[in-house]
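The form predicted alone is given below as one chain in structure tokens.
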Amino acid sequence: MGEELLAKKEVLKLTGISYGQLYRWKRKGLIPEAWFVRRATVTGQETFFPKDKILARIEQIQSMKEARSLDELVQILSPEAAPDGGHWDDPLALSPIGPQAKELLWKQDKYDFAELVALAAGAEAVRGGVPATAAQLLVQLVRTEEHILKTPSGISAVLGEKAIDRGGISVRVPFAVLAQEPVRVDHESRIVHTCDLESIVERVKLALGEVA
């Protein structure tokens, strides 16, 4: 089932922002272009937004804009403004990662941004009950697809299992994919864990801002 959409006029009504504010934030990159969904209605073409995402993002902007400039908010909230060139020595100290990711580490220090996002995706899976050995598949996948972190809207990091029955022997083989929502798998497979990559990117950036 797709994500629930909210009409633009309802967004403005519920949040109290103006049409001008909404599109100024869009031009700045605070609200991703991918969230502006055009749909045909009985009155013509109208703009809709993923409900949970747009309401959460506007609440974030409103709560942070008194203490930070819009340009600072862009650095935190816009995926296209992901940090480049920086390295962090203690990923477990970041709240989206935490001690749950200890078994997912593969080196002592110097983790770049893509690697932090990968660890956060793996840690979320572990907190959801996924064994660390399976969560490592997500970590390895996300860390090698750095380009996707620039435009993660609508992308999920998915951990699944495929049942294979051959010669009376049945095994389940884990796999990890990056996929557009809604995620579908064949009848022999099942989804074990799904995380919204855009949300993971945002939480890592917020955590980095808190320790900067």
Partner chain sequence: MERRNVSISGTGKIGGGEYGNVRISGAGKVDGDLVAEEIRISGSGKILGSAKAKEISVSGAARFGGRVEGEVFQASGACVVEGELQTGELRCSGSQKVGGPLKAHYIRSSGTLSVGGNVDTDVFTSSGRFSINGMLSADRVEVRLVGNSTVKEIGGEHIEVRSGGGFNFQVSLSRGFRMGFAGGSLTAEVIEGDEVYLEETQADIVRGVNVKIGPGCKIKRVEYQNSLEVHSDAQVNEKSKV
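Under this definition, the rigid core comprises the largest set of C-alpha atoms superposing within 1.5 Å between the forms. Positions refer to the first chain, counted from 1. On a predicted model such as this, the values are computed, not experimentally measured, just so you know.
As for the form predicted together with the partner chain, it is not shown, yet the points below apply to it.
- In summary, among the residues 69, 180, 43, 170, the only one with a non-hydrogen atom within 4.5 Å of the partner chain in the model of the complex is 43.
- Heavy atoms within 4.5 Å of the partner chain in the model of the complex map, among the stretches 45 to 53, 140 to 148, 170 to 178, 59 to 67, onto 45 to 53 alone.
- For the chain shown alone, residue 190 is not a contact residue for the partner chain in the model of the complex, no non-hydrogen atom being within 4.5 angstroms.
- Within 4.5 Å of some heavy atom of the partner chain in the model of the complex lies at least one heavy atom of residue 26.
- By the criterion of a heavy atom within 4.5 Å, residue 38 is counted among the residues contacting the partner chain in the model of the complex.
- Once both forms are fitted on their core, the CA shift for residue 184 between the shown form and the other one remains under 2 Å.
- After superposition on the rigid core, the Cα of residue 47 moves by 2 Å or more between the shown form and the other one.
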